[in-house]
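Below sits a lone chain in structure tokens, taken as the form predicted on its own.
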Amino acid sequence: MHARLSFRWLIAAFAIVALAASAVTASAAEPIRLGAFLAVTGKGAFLGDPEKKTLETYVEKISGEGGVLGRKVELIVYDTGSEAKEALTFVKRLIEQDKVDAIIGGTSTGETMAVIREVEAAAVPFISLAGAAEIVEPVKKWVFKTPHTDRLAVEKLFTDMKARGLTKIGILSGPGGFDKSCRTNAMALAPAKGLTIVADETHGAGDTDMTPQLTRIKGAPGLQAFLYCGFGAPTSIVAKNVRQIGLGVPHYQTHGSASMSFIQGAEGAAEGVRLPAAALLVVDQLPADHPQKAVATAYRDAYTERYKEPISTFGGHAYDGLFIVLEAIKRAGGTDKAKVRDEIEKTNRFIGADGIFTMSPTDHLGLDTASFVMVEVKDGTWLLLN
């Protein structure tokens, strides 16, 4: 009787072990779910479309090669239509219904800022693809970003202006979150750089003619250089309007214009425009020993081969966000959100398309002005300056 009972207990024990093993296997087979909300259409489409294409390209590639930690990677993308008001709806859906492990997205600053409270409350790792410094300054526990900030951009281009002896600056800015943050930082940083803002103009959403504002800037006493703070279609409109009125001073824009879409939309008026950009934009002009050369070249080749269109730094933002998350998941040994968040924060010398990232508890970007290059539009394309 005792032997029979012991045998039954042994069988039961084996069954329990088998069920546990089965549960572990099933759990391990669950895909890693990454969510994204992007401006695939609308006024920000020239940023969000390459971001979506980049994420799709690499998620398919990674899953086809066996995934991460033996798990496939699943990508869930929602198109905000470039409307910040849609962002919160989609982020709630990603968190509550899709049960994503991390979120990559927020093409614009407005979209990003609209969801920060939600992702912080839900404790989900979030990497933004937008530019404004306010996204990570001050640091928010669960929020990171990959594009250089508008403040870094302003610092870089102000240094270039000063080196050229250009100290009296006129500014035009748009109504978006990035635009306003760029203007604020330009006004704050100018005195420290020995520059004077002699004209400060703005334009509204949907404006298609900025010649009145530019004419006033042209009349500012001693004007030596012009800076436009904005992104999307207005960047090209401004370039055409600058040519139209014959502004007559060096024209600067930010990395919000770092795309062939800007040059093409300007219809020849972008010639001579200078801006700071990620090295990815001029990958073929980088020296052979540049630390980003191999990564940026591989990304450029994969993207252009699939989509038959030029790369932009905006797709690079998505590339960096994706791989920073996946590398953190590897180091965490799984998708426990708190562990993944901690590992993102420990990112150290990750070589990406935008730069070489080293994050910390006080820095949720991990880039500096040295990871920017200055470029100029010449003969309808980008020329590396330094």
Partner chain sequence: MASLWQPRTGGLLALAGVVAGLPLILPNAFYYDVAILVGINATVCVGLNLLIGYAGQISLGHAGFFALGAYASAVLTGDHGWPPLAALAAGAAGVGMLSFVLAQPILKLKGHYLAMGTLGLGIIISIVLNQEAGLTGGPDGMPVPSLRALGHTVAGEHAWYALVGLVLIVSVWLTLNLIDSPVGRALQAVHGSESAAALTGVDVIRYKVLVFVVSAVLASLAGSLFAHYAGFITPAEASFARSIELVTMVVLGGMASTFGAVVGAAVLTILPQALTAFQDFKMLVFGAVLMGTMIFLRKGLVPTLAGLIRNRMRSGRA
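Remember, it's a predicted structure, so these values are computed and weren't measured experimentally. Positions refer to the first chain, counted from 1.
The form predicted in complex with its partner chain is left out here; the points below concern that form.
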Does the 4.5 Å heavy atom contact test between D160 and its partner chain in the model of the complex come out positive? no
Answer with yes or no whether Q97 is in contact with its partner chain in the model of the complex, where contact means some heavy atom within 4.5 Å. yes
Using a 4.5 angstroms cut-off on non-hydrogen atoms, would P250 count as touching its partner chain in the model of the complex? no
Under a 4.5 Å heavy atom criterion, is W142 part of the interface with its partner chain in the model of the complex? no
Counting only non-hydrogen atoms, which stretch in 258-266, 142-150, 301-309, 171-179 is within 4.5 Å of its partner chain in the model of the complex? 171-179
Check each of P221, G204, G194, G246 and return the one that places a heavy atom within 4.5 angstroms of its partner chain in the model of the complex. G204
In the model of the complex, the residue from R164, R117, K72, R216 with a non-hydrogen atom within 4.5 Å of its partner chain is R117
Looking in the model of the complex, the residues of 83-100 with a heavy atom no more than 4.5 Å from its partner chain, listed in order, are E83, A84, K85, L88, T89, F90, K92, R93, E96, Q97
